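Same chain, two versions here, written out as structure tokens and called structure 1 and structure 2.
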Structure 1
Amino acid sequence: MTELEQRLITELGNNFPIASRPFAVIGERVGLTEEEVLARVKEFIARGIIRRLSVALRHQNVGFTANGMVVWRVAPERLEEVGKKLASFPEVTHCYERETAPDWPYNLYTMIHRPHREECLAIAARLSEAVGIKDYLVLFSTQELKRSNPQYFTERG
């Protein structure tokens, strides 16, 4: 990525102005016109670099206080099928296949955010039934130690 592209990503992702003409404001910061910024944004969207223009909410502050990470042990030959099936549930916000470790056999991860932990457990039970997998754990978070926005192209990066 060029230096200009990196600056644009930082402005668009981390310093987006809540202003009437936000792309004009960003243009002033990086030395482009509003039209040029908009053209780059559309190009970034087309290339998949920007997923969309949106908000990320703090789930605790909108009432989704129970944060359950459900880890599943899935036979390798069923991963594709089970991953897609679990991802299809609207309650599942994230679904990843991950590497395993000698004392950690779980290879599929689903995140569930709900107002109460009982709901998370009930949803996990429904997911378990839907895919016929009983070997799973629901790991609730009890404390948030850090939650920060990703910083790209910093000095260290």
Structure 2
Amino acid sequence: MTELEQRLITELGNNFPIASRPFAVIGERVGLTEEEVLARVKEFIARGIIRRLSVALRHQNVGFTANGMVVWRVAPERLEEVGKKLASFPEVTHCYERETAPDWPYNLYTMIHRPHREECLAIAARLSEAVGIKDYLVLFSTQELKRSNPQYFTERG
């Protein structure tokens, strides 16, 4: 990957301009025209370098202060089925399989963001009913210590 491509990917992932022509602004930052930026983005997608462009909403800034991580204990033979079902709910923003530990049997994790804890608990109960898994916990975050976009290319390499 060239230095220009790395700079372009960095610009796409950080400080995306809120402007009527954001790709023109990014192009000015890296020395390309708007058309060249769009062509490179399409090329990156075609090459599988980037999957998509999307917005990352800072949910706490818009009032979604209850962040519930629901941890599920799922039989290994049902993991894929249950994971796909849970991931299909619009309220679930993340769905991951994780390894268990000797004193931690939960192997599937989902995230729910709502304005109030009670809403997260009600959604978790509805999810539980939908997948037939009763062994779960809802863990609420108490403080956000860091939230940032991934830094793939830095001056340190």
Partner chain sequence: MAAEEKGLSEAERRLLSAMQDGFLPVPEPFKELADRLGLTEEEVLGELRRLKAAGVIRRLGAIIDSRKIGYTGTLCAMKVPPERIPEVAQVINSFPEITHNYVREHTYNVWFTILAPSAQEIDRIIGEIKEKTGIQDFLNLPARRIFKIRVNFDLEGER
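What we label the rigid core is the largest C-alpha set whose atoms superpose within 1.5 Å from one form to the other. When a residue number appears, read it as a position in the sequence of structure 1, where counting begins at 1. Remember, it's a predicted structure, so these values are computed and weren't measured experimentally.
Between the two displayed forms of this chain, it is structure 2 that matches the form predicted on its own.
The two forms, fitted on the rigid core, differ between structure 1 and structure 2 by 2 Å or more at the CA of Phe23.
The rigid-core alignment places the CA of Lys42 less than 2 Å apart between structure 1 and structure 2.
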